[in-house]
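Form predicted on its own, single chain, as structure tokens, below.
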């Protein structure tokens, strides 16, 4: 297949059929690289696009090998797979003139959700549903990737006087890819930086020029290890990892709320692969902690670590924890919010502009935004309404594809205004 011949809607639907979760986006990255290579962009792939050593929540080597093979089997251009190695991600750069350098972050990963097959669900009805059971683009990142490619094409046809940098980021879900991408040299000379998100409960034609103040977030993998024994014959000889984890869960949810602002805790995944008649020697949980400010998130983390370790001591088991994902917070720059608002008012079919709106959850673009701001650039996070019929991270999530073209027109117009 000649991927460069695909329209942005055809590209979105192709990617929707082939969802790839964080750090396994081999097919997506390779296809985008092939298209942008033909458009004359300089490509930095894999470990040249992210700090490989600081990746978070990386799948096993077996999962990565299987994902690379599946990408190859499903038409990924082999040349770019070879350049990636075992690491996904892409930074594409093209210099058009002496003006400012504009960066755009585009996330690419999918979720571990089985997609709905009901007739009202457009991907099922129009036959571009996920081909990989248990995986689904349930947050719109397939549309984001199409917007990134569409912006590259639009700027290639324009009279932009500057440099365009496109950051196709892996592993947004779980907050695993933003930090390692922010720790590269690619962001050092960026003057203006944007990231986009489709949907968010807003109708097509609505734009949020500056989404702001996401909750700082840390996700931990916690593993308890005790000693097994027969639950009927010699329960006293065991050291119960599951009981320790259960005590920790109860007390994690009991962390006192803080008077200085909002705090959150959630345990989203637990497992204890033991027989029912054996004292559990292994138990694992995935814990998520958030705070309205970095200080409040630190408070939650400190309390959680104390509880997790105390539960291990109480039940005489060992405990190990590792960071699975992490985000911080940010404020969009007023200059950027104003320019994006002006650009939105210049795009036909955009009929409602919201200047600022808080992000209720967390967002790992925060690390890239903060890095640009810390090195003297300006940044914002743009919301693009897409009339999503179901909430994000649900099996029936979808977007109005007209929003993709609106997003391209908006971002391209903003880029031209930065250079004006």
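Residue numbers count along the first chain shown, from 1. This one's a predicted model, so the numbers in the text were calculated from it and none came from an experiment.
Another form exists, predicted together with a further copy of the same chain; not displayed. Remarks below refer to it.
313 is the sole member of 126, 295, 159, 313 with a non-hydrogen atom lying within 4.5 angstroms of a further copy of the same chain in the predicted bound form. Among 249, 152, 87, 337, the residue placing a heavy atom within 4.5 Å of a further copy of the same chain in the predicted bound form is 249. Contact here is defined as any heavy atom lying within 4.5 Å of a further copy of the same chain in the predicted bound form, and by that definition not a single one of 28, 35 and 59 is a contact residue. The stretch from 118-126, 270-278, 191-199, 135-143 that comes within 4.5 Å of a further copy of the same chain in the predicted bound form, counting heavy atoms only, is 270-278. Among heavy atoms of residue 91, none comes within 4.5 Å of a further copy of the same chain in the predicted bound form. Heavy atoms of residue 391 never reach within 4.5 Å of a further copy of the same chain in the predicted bound form, leaving it off the interface. At a distance threshold of 4.5 angstroms between non-hydrogen atoms, residue 174 is in contact with a further copy of the same chain in the predicted bound form. Not displayed here, a further copy of the same chain is kept clear of residue 323 by more than 4.5 Å at the level of heavy atoms in the predicted bound form.
In the predicted bound form, the residues of 249-269 lying within 4.5 Å of a further copy of the same chain by at least one heavy atom are, in order, 249, 250, 251, 253, 254, 255, 256, 257, 258, 259, 263, 264, 265, 266, 267, 268, 269.
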